[in-house]
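Given as structure tokens, the chain that follows is alone and in the form predicted on its own.
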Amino acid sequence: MAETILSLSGIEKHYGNIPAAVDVTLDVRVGELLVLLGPSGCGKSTLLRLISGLETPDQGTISSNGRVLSDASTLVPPEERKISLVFQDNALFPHMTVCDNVAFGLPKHKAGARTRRVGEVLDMVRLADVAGRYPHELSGGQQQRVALARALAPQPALVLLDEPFSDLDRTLRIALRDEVREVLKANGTSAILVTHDQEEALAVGDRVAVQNAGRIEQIGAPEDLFKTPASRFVAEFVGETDFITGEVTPTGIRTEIGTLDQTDGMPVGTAVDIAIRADDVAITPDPNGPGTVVSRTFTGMQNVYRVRLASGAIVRSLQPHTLVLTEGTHVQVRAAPGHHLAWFPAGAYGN
């Protein structure tokens, strides 16, 4: 297993009665890109500020490379932690050129060494040709790459990125997130990225930690979180999940859209809620079908249908763009996952 660059143990932080970090324990490995994923207000940015030293934990220990940064008796100031922070708004100095913005993070370097290092990191982020420009002369994506270059310049042990792509349009956001991952990986830089965008988290992270009300609900590889969510919250937040009720029978879990070939060792008669996604649901037009099309969302290559079942439950179904059904069309609905589906005790919304 890779060496650990950062360790958090039992971190707590509250603002009055509002929990921002609750018993947070996690490790970041050398060269790893860990993503903190969760809804607004769940404590993601607070955790970055605690790691960087901009906030002080109420209790718990933060250490890097075996050195304690924060505990009951220790508080290393931000400038001595060898940790760089990239803000959402990039925080560039408008009166400084690109070159000077990057050099700002190297106050202790001699002039020659500083010039060489600035050139190196601008080459990394492919901005050497705009070194003499000012921030207002750059695109949003270029500004964010300057901010990344400035963070990388002092060769930190860890880079923290707080929703760095959220102000960019979708096309640029996707392109830039891929570029940033490529730069971090090429340099073997350890990083933590905060986002509320689950697609971004799954695409970028080596591992993803899902945070809810200050707690880390699950941490693991993106595929593991998607396929085997540890809680109902994770299932709902990762992958745009619907739920249908089911009952365990001797041959599988019976639902109103078919019997799933799994029992997972549960006693017969157990009531469960099945996590099911749009690509797990097949529909076919049928005037006698029990399902009714509620709406269609055209995404280009595909249509996403919302279908009301006989019970009143709503499920989504992913279909090719060639299948066009109008609102009110009756359909047959069938569970067709081709893989194991996660389940939770019926009505256990908090788990």
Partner chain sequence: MELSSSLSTVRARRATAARRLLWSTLPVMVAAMVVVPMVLLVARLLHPTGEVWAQLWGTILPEMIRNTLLLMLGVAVITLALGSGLAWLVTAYRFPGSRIFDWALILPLAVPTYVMGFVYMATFDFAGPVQTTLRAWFGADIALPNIRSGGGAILVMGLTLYPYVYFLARAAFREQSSSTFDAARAMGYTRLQTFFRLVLPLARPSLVAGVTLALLEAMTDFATVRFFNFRTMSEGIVHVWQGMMNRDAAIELSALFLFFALTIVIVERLLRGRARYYQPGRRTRQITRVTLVGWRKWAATATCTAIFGAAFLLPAARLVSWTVGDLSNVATANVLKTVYLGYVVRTFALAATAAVIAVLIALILAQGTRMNTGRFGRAATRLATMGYALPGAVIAAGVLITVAIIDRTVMSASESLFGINPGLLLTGSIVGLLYAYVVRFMAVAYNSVESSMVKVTPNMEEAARTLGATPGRVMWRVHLPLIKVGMAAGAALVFVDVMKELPATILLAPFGMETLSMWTYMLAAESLWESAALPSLTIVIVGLIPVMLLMRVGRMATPGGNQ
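Bear in mind that the values here come from a model prediction, so they are computed numbers and not experimental data. Residue numbers count along the first chain shown, from 1.
The same protein also has a form predicted together with the partner chain, omitted here; what follows describes it.
> Examine T56 and determine whether its closest non-hydrogen atom to the partner chain in the predicted bound form is within 4.5 angstroms.
Result yes; T56 sits at the interface with the partner chain in the predicted bound form.
> Quick one: does S84 come within 4.5 Å of the partner chain in the predicted bound form, counting heavy atoms only?
S84 belongs to the contact set for the partner chain.
> Is the gap between P78 and the partner chain in the predicted bound form 4.5 Å or less for some heavy atom pair?
P78 belongs to the contact set for the partner chain.
> Just checking whether M266 would be counted as a contact of the partner chain in the predicted bound form - the rule being heavy atoms within 4.5 angstroms.
The answer is no: M266 has no heavy atom within 4.5 Å of the partner chain.
> Find the only residue in A113, M96, A271, A128 having a heavy atom within 4.5 Å of the partner chain in the predicted bound form.
Comparing distances to the partner chain in the predicted bound form, the residue within 4.5 Å is M96.
> The partner chain isn't shown here, but in the predicted bound form which of G258, G141, G105, P222 has a heavy atom within 4.5 Å of it?
Filtering the options by heavy-atom distance leaves G105.
> Tell me which of 280 to 288, 48 to 56, 314 to 322, 30 to 38 has residues with heavy atoms within 4.5 angstroms of the partner chain in the predicted bound form?
Stretch 48 to 56 is the one.
> Within 4.5 Å of the partner chain in the predicted bound form, do we find a heavy atom from each of P135, E200 and V204?
The answer is no; none of P135, E200 and V204 reaches the partner chain.
> Pick out the residues of 9 to 45 whose heavy atoms come within 4.5 Å of the partner chain in the predicted bound form.
Heavy-atom contacts within 4.5 Å come from no residue here.
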